[in-house]
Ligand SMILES: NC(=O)c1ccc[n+]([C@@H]2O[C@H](COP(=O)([O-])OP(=O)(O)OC[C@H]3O[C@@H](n4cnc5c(N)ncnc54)[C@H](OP(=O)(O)O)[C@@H]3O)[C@@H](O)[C@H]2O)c1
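This document starts with one chain, in the form predicted on its own, laid out as structure tokens.
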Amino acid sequence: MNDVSAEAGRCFGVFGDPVGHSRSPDMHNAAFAALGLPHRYFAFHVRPHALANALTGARGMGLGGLNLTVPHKRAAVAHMDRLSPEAARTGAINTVLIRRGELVGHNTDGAGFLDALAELGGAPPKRAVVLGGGGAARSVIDALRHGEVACDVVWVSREPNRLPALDGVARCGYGDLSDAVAACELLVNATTVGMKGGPEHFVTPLPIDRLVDGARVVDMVYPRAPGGWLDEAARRGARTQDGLATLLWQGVRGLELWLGIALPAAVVATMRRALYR
């Protein structure tokens, strides 16, 4: 384990568009304070056309590390010097390690999702439905396929024919969603529906009434909208979770990459309190 107490102050941050809603600065700055480190974490509003220049600037300035959120997770792949196995498989990056001028793309979203899913209890799912065609959906599917138990996945998108063919993953449009949901143990929304700046409604209403008793339902968007579709799923007996839990655990894994340490449980608890404050 590295001795982080003697480190000089460094800058970390998240690139996104939009990014004003991000709670990552709260979480990471709370962790730095708990660890007694002089580092700071900021949210940077980076438009898609400026991503390449922003990454070049991060490299030149020697930033400690970066997170990437919508819409940069897939576009950033082309600007990395190296990719982790998870990032290479998914074609998406949420965490950038900057070392000696080299940008190394990682994807901690999938592992963070599984960490968060474990908080809902129950055995690893055998059948899941994942909504969305972007980087978040790809990370979730990769984690489910490479987890403790390989999970069969139905991948739902407005344009299913444009999704890559993956082993153990069936692709379908929203017109087939009702039948898919009726046979699943886990439903995950990895679209931008409900996100600030994103659409307010799904392509078609989600068939919550088709969920089996005790199904797990996860919305990668946060914070949870009072009276929204997650609350409806909970009323029907589902175990539900919004995106804050995944945000926490992907952040824990990313911070451990940047600092080269295993975070103490007390620091993780501090990060959680900062997110849910």
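Source: prediction; values computed, not measured. Note that residue numbering follows the sequence shown and begins at 1.
Just so it is clear, the following notes concern the form predicted in complex with this ligand, a form of the same protein that is not shown.
- Only one segment in the set 67-75, 80-88, 121-129, 144-152 has any non-hydrogen atom within 4.5 angstroms of this ligand in the model of the complex, and it is 67-75.
- Although the partner is absent here, residue 99 lies well away from this ligand in the model of the complex, with no heavy atom inside 4.5 Å.
- At the 4.5 Å threshold, heavy atoms of residue 158 reach this ligand in the model of the complex.
- The closest heavy atom approach of residue 173 to this ligand in the model of the complex falls outside 4.5 Å.
- In the model of the complex, residue 181 stays away from this ligand, with no heavy atom inside 4.5 Å.
- Although this ligand is not shown here, in the model of the complex the stretch 195-234 places heavy atoms of 195, 199, 201, 202, 203, 220, 221, 222 within 4.5 Å of it, in sequence order.
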